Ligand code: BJW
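Single chain ahead, written as C-alpha cells, the form predicted alone.
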C-alpha cells in the first residue's frame, strides 16, 4: 500500500484568509521577527508577544477550512494506504477540515505553554502576562509555538515518516524555513516520488520531480480526486 506524506505551509491557509508571514504585505511587513517570534522577544516584552498571538488566534477562529483542507481529509479517509500530514501552520484548519493523522511541527495557537516548568494546557482566546500556569502557578504563560532558535516538535517521528514515504507532497510552502525545507531531500533519498503544489516554484522547487502550479483549493482537490480514482 502506498504511504503518502504531506507537508503543508502558509499557502494552504492563505486561501481561507489567514495572513501569511512572507507575502509582500504579510506579517513580517508589520512586525519585526525578533520582536514577536523569538524567545528573546518574549523575554523583552511578553505582552507584545502575547498580543500578537492573541490577534493570530482570533483571526484563525474567524475563518473556515477551504477545499484543499477538506480534500486532504478525504484522501486520509479513503486512500487504501497511510496518509500523514505534517503542517508548519499553527492554525486548526486541518483539524476542522477533518484530518486525523496530523503533526503540528511548529506548535499550535490552541496550546499554552509555561515558560518555567513547560507544562502544557489549552490556550484561552486571550492570553495575558498575569495568567498563572495551572501546574506551578508561575505567571509565565506563552503560546505553545516553536519560535526561531527552537527545535520543531517530534522531529525524529517526522523523519521516520519521510523515510517510509512512497509519495512526498509539499503544499503552499516557501522552502525558506528549515528543517521543513529539507524534507524533500530526505524523501527523495528514501526513493519517494515528490510533488510540489504552489502558486510558483518554492526556494527548493528544483528538488521536486513534479510541480502543480495554481491555488491549492483547485490543484490539491484535482490531485486527490485522481489518486482516489485510480
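Positions refer to the first chain, counted from 1. Remember, it's a predicted structure, so these values are computed and weren't measured experimentally.
Here the subject shifts to the form predicted together with this ligand, a form of this protein not shown in this document.
Quiz item: Within 4.5 Å of this ligand in the predicted complex: all of 11, 150 and 174, by heavy atom?
Solution: All of them do, each having a heavy atom within 4.5 Å of the partner.
Quiz item: Since the chain is shown here on its own, which stretch among 113-121, 86-94, 73-81, 128-136 would lie within 4.5 Å of this ligand in the predicted complex, judged by heavy atoms?
Solution: Of the options, only 86-94 has residues within 4.5 Å of the partner.
Quiz item: Taking the shortest heavy atom distance, is residue 222 within 4.5 Å of this ligand in the predicted complex?
Solution: Residue-level check for residue 222: no, no contact with this ligand.
Quiz item: Should residue 146 be classed as touching this ligand in the predicted complex when contacts are defined as heavy atoms within 4.5 Å?
Solution: Judged by the heavy-atom cut-off of 4.5 Å, residue 146 is in contact with this ligand in the predicted complex.
Exercise. Flag residue 101 as yes or no: does it have a non-hydrogen atom within 4.5 angstroms of any non-hydrogen atom of this ligand in the predicted complex?
Key: Contact with this ligand, no.
Practice problem: Consider residue 214 of the chain shown here, and say whether it contacts this ligand in the predicted complex, taking contact as heavy atoms within 4.5 Å. | Solution: Because a heavy atom of residue 214 falls inside 4.5 Å of this ligand in the predicted complex, the answer is yes.
Self-check item: Position in contact with this ligand when the complex is considered in the predicted complex, options 55, 64, 200, 34, heavy atoms within 4.5 Å
Solution: None of the other options qualify; the answer is 200.
Quiz item: Which of the residues spanning 95-127 lie within 4.5 Å of this ligand in the predicted complex, based on heavy atoms?
Solution: Heavy-atom contacts to this ligand in the predicted complex: only 106.
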